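Each of two forms of one protein chain follows alone as structure tokens, named structure 1 and structure 2.
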Structure 1
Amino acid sequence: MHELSVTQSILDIVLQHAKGRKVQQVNLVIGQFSSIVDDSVQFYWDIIAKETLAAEAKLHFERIPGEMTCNSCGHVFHPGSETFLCPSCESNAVRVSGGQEFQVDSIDVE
């Protein structure tokens, strides 16, 4: 449900930067750990962008993989879906060091 407010923020940013021009595409960068669901954003976009200059804009989602750093050995890795253990030393003392991104990267306008 939080995608509705997130999508409204995206639309506000896009319309602000479009400066009255018709928006053709919105390029979004979304990290694996950001908990944003592409289909939900697209669903809300189709509803709230109606009757705006972004109504026909296509959303392009670029997914960034999650990245973790081991606090024990310093190894940087992309975790699998089953474990967050460090693949180098098997420590569970790890921290998220990437993949939390969520941003409007660019927009294409007429």
Structure 2
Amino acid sequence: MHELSVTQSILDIVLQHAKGRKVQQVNLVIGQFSSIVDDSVQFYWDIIAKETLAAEAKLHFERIPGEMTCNSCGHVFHPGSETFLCPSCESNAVRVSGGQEFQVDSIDVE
């Protein structure tokens, strides 16, 4: 469970950008290849953000699906968990083209 350290990092970033204002919502962008469990981040948040300006903030997760692009035919697809073959031409010459995002995008403050 690395969600506790991740949650601590998110809180540090949020408080730094809040500059003394009350935080209502934290907008996170998380790609499928950056494994993180929403529920446990919110769970830790409710504990560690207590008595900070972000205590009542809701965490909003924008999930970016894993994306691959076929080098042979150019097809862009979301890979399954058992094969990365291009579903269009069955080539294995594919590359990861999205889904690695792992950032605090913005915060909503009062």
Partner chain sequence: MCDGHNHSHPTHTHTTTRVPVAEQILSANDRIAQRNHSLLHQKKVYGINIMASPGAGKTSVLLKTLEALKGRLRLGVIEGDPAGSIDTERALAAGMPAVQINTGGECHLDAVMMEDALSQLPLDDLDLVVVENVGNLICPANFRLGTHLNLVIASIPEGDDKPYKYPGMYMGMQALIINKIDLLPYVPFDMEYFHQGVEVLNPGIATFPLSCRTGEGLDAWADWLVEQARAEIIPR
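Please note that residue numbering is based on structure 1, beginning with 1 at the start of its sequence. C-alpha atoms forming the largest set that superposes within 1.5 Å between two forms make up the rigid core. Keep in mind that this is a model prediction, so the values were computed, not measured.
Structure 2, not structure 1, is the form predicted in complex with the partner chain.
Superposed on the core, the two forms barely differ at Lys19: its CA moves less than 2 Å between structures 1 and 2.
Core-aligned CA deviation for Ser9 between structures 1 and 2: less than 2 Å. For Ala93, the Cα shift between structures 1 and 2 is 4.7 Å when the rigid core is held fixed in the overlay.
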